[in-house]
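Here you get one chain, nothing else, as structure tokens; it is the form predicted on its own.
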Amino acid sequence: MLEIKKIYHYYGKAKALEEISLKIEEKALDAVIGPNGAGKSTLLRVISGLEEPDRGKIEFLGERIDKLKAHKITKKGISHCPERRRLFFDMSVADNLKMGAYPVKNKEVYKAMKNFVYELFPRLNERRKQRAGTLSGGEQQMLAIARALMSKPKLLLLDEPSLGLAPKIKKRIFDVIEKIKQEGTTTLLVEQDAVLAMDIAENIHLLEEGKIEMRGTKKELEKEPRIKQVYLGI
């Protein structure tokens, strides 16, 4: 579904991404793990068109997208749930969801997606008239994911969905991510909490200093001494 071919990205002279190649299959849930500053969020921003790569190609459903603007990439079926949520805090929960659905022109599809996200997150339905800025941190993360889902994406990009959340809320968020996968939405998850990410993802990619240093399934990576020591605390 998504194929990244030897992507490079710079901030001035600093190399943020170096020769990144990645392939995400349809209906898969892949995770990118790694420390702060490794380039994980930059990778998602490059995929979604918020930043343009300096070299390399990105293909989505067989079409090259790395030269497209972000809103056009969204219309192709890629939705980005950004780090730190980036909600419209002065708008209600319901209006935030409407903003996420702007590419959807069919009223029946819009209604179906709204029902779907309220089923995933019943708390949002209870608070649909409440301002987003007054929600708890966990509720805000629920809303950020729900907003990203409202465009009915073929590919969902999730950037650090557990950031700043209590363990109990993290578990609830990751249970929902598992449900999203079961519904057939292809998902690329960026997550600093390697334990959570490896528990849920089919394929894991280790990104360090802008490079993919290792990749494999949970069983494969659990055998790697550095993964065990640095990321799993074993």
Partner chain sequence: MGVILEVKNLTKKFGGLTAVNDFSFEIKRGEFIGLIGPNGAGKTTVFNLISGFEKPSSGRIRFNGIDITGMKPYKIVNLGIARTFQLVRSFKYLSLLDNITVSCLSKRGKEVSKKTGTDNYASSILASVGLIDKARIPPIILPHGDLRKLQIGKAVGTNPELLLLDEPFSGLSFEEQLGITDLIKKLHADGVTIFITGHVLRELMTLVPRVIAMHQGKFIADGPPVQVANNKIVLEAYLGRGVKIA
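Positions refer to the first chain, counted from 1. Because the structure is a prediction, the values reported are computed rather than measured. Take the two forms, find the largest set of C-alpha atoms that superpose within 1.5 Å, and that set is the rigid core.
What comes next is about the form predicted together with its partner chain, which is not displayed.
Triplet 3, 19 and 32 all within 4.5 Å of its partner chain in the model of the complex via a heavy atom: No: no residue has a heavy atom within 4.5 Å of the partner.
Stretch in contact, per heavy atom within 4.5 angstroms of its partner chain in the model of the complex, of 191-199, 60-68, 178-186, 23-31: Stretch 191-199 is the one.
Contact of residue 220 with its partner chain in the model of the complex (heavy atom, 4.5 Å): Output for residue 220 is no: heavy atoms all beyond 4.5 Å of its partner chain.
Residue 227, heavy atom within 4.5 angstroms of its partner chain in the model of the complex: Judged by the heavy-atom cut-off of 4.5 Å, residue 227 is in contact with its partner chain in the model of the complex.
Any non-hydrogen atom of residue 209 within 4.5 angstroms of its partner chain in the model of the complex: Although its partner chain is absent here, residue 209 would touch it in the model of the complex, with heavy atoms inside 4.5 Å.
4.5 Å heavy atom contact, residue 84 and its partner chain in the model of the complex: Residue 84 belongs to the contact set for its partner chain.
Sequence-ordered residues of 5-30 touching its partner chain in the model of the complex, heavy atom within 4.5 Å: The stretch 5-30, when checked against its partner chain in the model of the complex, contributes 13, 14 at the 4.5 Å heavy-atom cut-off.
Flag for residue 228, CA shift 2 Å or larger between this form and the one not shown after aligning core: Yes.
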